[in-house]
Each structure stands twice: as C-alpha cells, then as structure tokens.
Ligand code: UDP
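Only one chain comes next, encoded as structure tokens, the form predicted alone.
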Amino acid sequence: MKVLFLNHCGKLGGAELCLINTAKPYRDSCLVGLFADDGPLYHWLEQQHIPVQVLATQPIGVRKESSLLQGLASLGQLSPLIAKVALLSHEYDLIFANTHKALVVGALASLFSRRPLVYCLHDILSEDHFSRTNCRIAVTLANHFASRVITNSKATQAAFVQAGGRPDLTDVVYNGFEPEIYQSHKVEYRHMRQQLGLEGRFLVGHFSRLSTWKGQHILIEALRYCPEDVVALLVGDALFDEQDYVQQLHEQVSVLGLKERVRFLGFRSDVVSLMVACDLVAHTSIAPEPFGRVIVEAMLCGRPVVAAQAGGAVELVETDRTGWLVPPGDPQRLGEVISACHNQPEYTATIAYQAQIQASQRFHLSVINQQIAQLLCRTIA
C-alpha cells in the first residue's frame, strides 16, 4: 500500500509522534509531505528511514483562531501547494491528512487526483481549541471529501459529531506505543535523580509544552496543599507564541515562594528517563484533552498518574484502579491526591503496576497499527 502522509509543520507534538508510528510500516512505499521545516520532525523521520519531503516554501498563515476572512486570504498561498500535492498523489493509493491544515490541502488535492482521503483527527473540535470558522471548515471538508475519519478517542469522535461531522465516517483508534522503550529505562531512576540534585524529594513530573490550556499553573498552585518535600518538574517549552504564559508561570512561582520546589527543565530529549525518575506524573489540562499521550507513557514507565477528568483522559484512567482523576482546574483536589500518593507509597505502587500491565496490552503499537492497516485497506477497497 502506497500512502502519502501530509503534516502542516515540522514541530514535534503528540500528532507528529503518532504520525511517525503510523508511517513506519509503510516506509518502503510511503512519503511524508511537510508544509514547513520548522522543527525536528524532518530529522526524526529520516532517523526512522521514513521518506520525507518539504512541499512548501513558506508556512501557511492560518491559525486555530483565524477568522473566515483570514482563511479566504490564504487560498492564494495554498493554490500552488494544492496543485503540487494533487500531482504527487497520483503516485499513491491514498492521502492521509494528519492535521487540520493538511486536511484543507489534502481534501482539495484528492478532489483533483481522485485519490481517497483519510483524515486523522487528533484534536477536540470545539471553541476551547479552535475558532468557530475553523471548526466548520474542518467538519465540512471531512464530510464531503474524506472517506474515513480516524479519531484518537471517543471524546474526539463525540466532539466531531457534535460539531456537525458525519458519525458514519468515524472510527476510534487510540495512539500506539512500544512498551519495551519505556520499560528499558527503569535502572536510570537513581542516576537521574542524582543528576537533578533531588535525592530524597517527592518528584511530580509534568510533561507537556508550556501552554495555558495545559494547566502548568494548576500544578504550581497545588504545591501549596502538598508536603514541603514535594517538587514539581515542568518538562517542555512554549511552542506557538506562548512565551507570555511562561513568564506568568515564573512570576507565579516567585509570588508563591516556590522557587526551591519548581524546576523548569525546558525541552528535553530524555523524557522517558525523566519520567522514570518521578514519583508521580500529573496531567492538568484545563480544557478537554483529545487523548493524553503523556498519561499512557507514564503508565508504561510504571509511574502513577493523576489526570484532569475531561476528554480522552477519562478513557485512559480509572480512579483507584489505574490512577486518579481530579476535576480540571482544581489545585486543592490535585494537591490532596499528590499528598495521598506521597503518604501511601505501597498502595500507589500497586496502582501504577496495574496501570502498566493494562496499558502494555491495550495500547501496544502492533495492535494499533493493525487496526489502522485494516481501515486503510477498507478505504482503498
């Protein structure tokens, strides 16, 4: 099967990590087309021996919050790219759009090339994340041009349908993972804590880009309700013009007198090692999370998880069985759960072990890729 994958940027987020795993089985016959080379994705694909090509000379000037007029103004810029993708897609069996901007280009290209289009939806289509115009454009294009819409959770599927998407187009396929990668780092627990200079502290890790809706400020506030030896590790950096929020976080830490209890580690390539070094991993999104890769990654590392009770996270975590769910935006309740995990290490370890077993079976990459392969074969047929 020959697949033309499309992604609008070269930055490395959850959707892009998922794309790498999805494209691996087809690397002998596929191509990943990027609309910008503005991050490490190009080199990550090359390292996995996945063919990749940058198809555009400048980034698409439409953002998630863009209006209809701004969207229309970008059509002139998109026309050459659409023509290039349409011509290129004649060499492939189908077009796989991995992001919203890729959907716009892929939908119109599929119209001209008569190649089926699969749209992989990684986001909650709601005004928490997108402008009303962008939601409507995505749903309209998917309804009229996509042969299949793959959603990464039931929450994402429900939001698509609620926004006007055709339910008969959708299939839920969770993100896939290779458990062995996460379980091979267990020996690094003490070494990493020594590197950080945090032996003897209770470490709560937060792994995400620094963004208001990801809720790092909730974790910082929650430290006020935790024992003094609890330290928060914020792993990640701002990606999309969110430096103002980063400054707000530093100011919050200073005002609350928590400089010794919050570490800003920035972007790190050794995320798994850092995750293994944590006593607990916190997910604190204040808007519904489409899936929550960090949650599953923590489970695979054998780390206990506390997550915001909204969106896809509800499908991943069951309180007192595989982790804990707390109301979004509730630092006091989050602090109470952190304190309980701090005070009951044996019980917490039991929960983490149960979660690890379940996640290793439920989200194994081989199982997920088989599900995707079946959907793509059905689409071509």
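What you are looking at is a predicted structure, and each value in this text was computed from that prediction instead of being measured. The first residue of the sequence shown is number 1, and the count goes up from there.
The same protein also has a form predicted in complex with ligand UDP, omitted here; what follows describes it.
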Which residue among Y245, Y225, W213, Y189 has a heavy atom within 4.5 angstroms of ligand UDP in the predicted complex?
W213
Please identify the residue among V306, V294, A109, C278 with any heavy atom within 4.5 Å of ligand UDP in the predicted complex.
V294
Stretch in contact in the predicted complex with ligand UDP, which is absent here, among 262-270, 249-257, 78-86, 132-140 (heavy atoms within 4.5 Å):
262-270
Do H100 and ligand UDP come within 4.5 Å of each other in the predicted complex, heavy atoms counted?
no
Answer with yes or no whether G14 is in contact with ligand UDP in the predicted complex, where contact means some heavy atom within 4.5 Å.
yes
Decide whether V235 counts as a contact residue for ligand UDP in the predicted complex under a heavy atom distance cut-off of 4.5 Å.
yes
Wondering, does S208 line up within 4.5 Å of ligand UDP in the predicted complex on heavy atoms?
yes
